[in-house]
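Consider the single chain below, provided in structure tokens and representing the form predicted on its own.
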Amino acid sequence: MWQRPDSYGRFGKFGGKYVPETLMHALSELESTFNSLKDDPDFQNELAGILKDYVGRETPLYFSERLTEHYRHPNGEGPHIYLKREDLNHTGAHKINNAIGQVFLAKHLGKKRIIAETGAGQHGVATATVCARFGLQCLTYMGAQDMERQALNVFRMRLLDAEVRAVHSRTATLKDATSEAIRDWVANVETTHYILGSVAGPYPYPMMVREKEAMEKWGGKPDVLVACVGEGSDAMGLFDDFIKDKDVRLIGVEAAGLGLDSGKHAATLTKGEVGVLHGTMSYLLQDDDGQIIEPHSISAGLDYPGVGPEHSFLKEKGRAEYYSVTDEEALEAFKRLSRLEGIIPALETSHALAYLEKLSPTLANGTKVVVNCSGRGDKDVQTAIKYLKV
């Protein structure tokens, strides 16, 4: 089976460290610290304790009885739908798994200033939360457009004593917030740790974030795993244990926005080309001159023109399947889960749920499908109000 990543920090041809020389030492130091601590029993016991008592892990695997009933075939057969309830984590999403792990690394590195980027605000909230818990200075970069549509999370971050700095350049969304965070890190690398929020960026971030997301082993084996993919951290955390198991289908769902032919989407793996962005080689939305094309998604967390390098690798190897659903389909899934299961999902999660409409009719009776419920939808209610009549 493949080495993921290889000794050069690459997943096949993807990944790498495309960064200024200023950051090379910090990345090497981060990698060596991560490798020394990941097998340290004292460190792992401390981390496991706070994940259990503070974050609330392990999160349950919930059988969605009414959603399963909804997808029964006319003959009464159909798949069994389960939700991995990452929305039940402290702060309401999967993002805190990575944030907790990285703040522990920052403490070991002696860094007391933390920076982060955020789109939907969940990573920003998770980072602000762990900084408050450990008494660290926190600054989060967020696109001005995202701050408007995720005002609740902006307030939460500020309540937690984090500074939220608006980014007005270019699209004023996640890509530009990430660019500003990297500029800050270059300027303050001696005192600052950058808690990157996904499996993107320069090595070792794609590996570290994946490891912190894949926290639990499964009892029994699913048949199909489904997760949304923006940069792709929640999907990678879900997939990681099963990449070697060819019997398990891995399905990532991207944002088709207003439609794949509209030019207003964030379906990087479906419509993108290989390039370099934010320190890593991966699939990107770019024009013929290599300039980044502005993405679009109703979900702030999927509104990014790139994707983590391991997803690009899995696509090229044919190990994972990648599809896309539109804003409208995601909104319908947002409403459907709320009404059938009493669970209001994040709009990111809603993209994965929406794909069940196309997937379920093709599956044999009793197929075990696990959808990663990556976050709760409180943060998206103000967005949904503009489009849904309830």
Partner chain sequence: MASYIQARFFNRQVDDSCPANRLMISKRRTRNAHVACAQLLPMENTPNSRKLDLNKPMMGTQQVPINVPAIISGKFGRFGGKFVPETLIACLKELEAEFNWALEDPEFQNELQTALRDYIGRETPLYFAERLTNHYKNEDGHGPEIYLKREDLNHCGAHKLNNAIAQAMIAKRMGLKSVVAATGAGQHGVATAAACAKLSLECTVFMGISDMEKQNSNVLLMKLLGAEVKGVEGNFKDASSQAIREWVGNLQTTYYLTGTVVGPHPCPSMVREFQSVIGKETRRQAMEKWGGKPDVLLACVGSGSNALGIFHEFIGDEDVRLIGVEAAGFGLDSGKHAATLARGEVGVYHGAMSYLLQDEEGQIIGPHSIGVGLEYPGVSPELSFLKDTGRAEFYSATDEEAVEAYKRLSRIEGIIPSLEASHALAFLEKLCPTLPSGTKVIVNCSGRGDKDAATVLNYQQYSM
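Because the structure is predicted, anything quoted here is derived from the model rather than measured. Residue numbers count along the first chain shown, from 1.
Just so you know, the form predicted together with the partner chain exists too; it's not on screen, but the next bit is about it.
Residue contact with the partner chain in the predicted complex: E329 places no heavy atom within 4.5 Å of it. Contact annotation: P60 falls within 4.5 Å of the partner chain in the predicted complex, judged by heavy atom distances. The partner chain is not drawn, but in the predicted complex it has a heavy atom within 4.5 Å of S338. Within this chain, L88 lines the site of the partner chain in the predicted complex, having a heavy atom no more than 4.5 Å away. Note that among 243-251, 70-78, 275-283, 151-159, the stretch whose heavy atoms approach the partner chain to within 4.5 Å in the predicted complex is 151-159. Between the options A26, L37, L363, V55, the residue in contact with the partner chain in the predicted complex by a heavy atom within 4.5 angstroms is V55.
For the options L260, L109, A132, A144, the residue carrying a heavy atom within 4.5 angstroms of the partner chain in the predicted complex is A132. Applying a 4.5 Å heavy atom cutoff to the partner chain in the predicted complex picks out no residue from 14-35.
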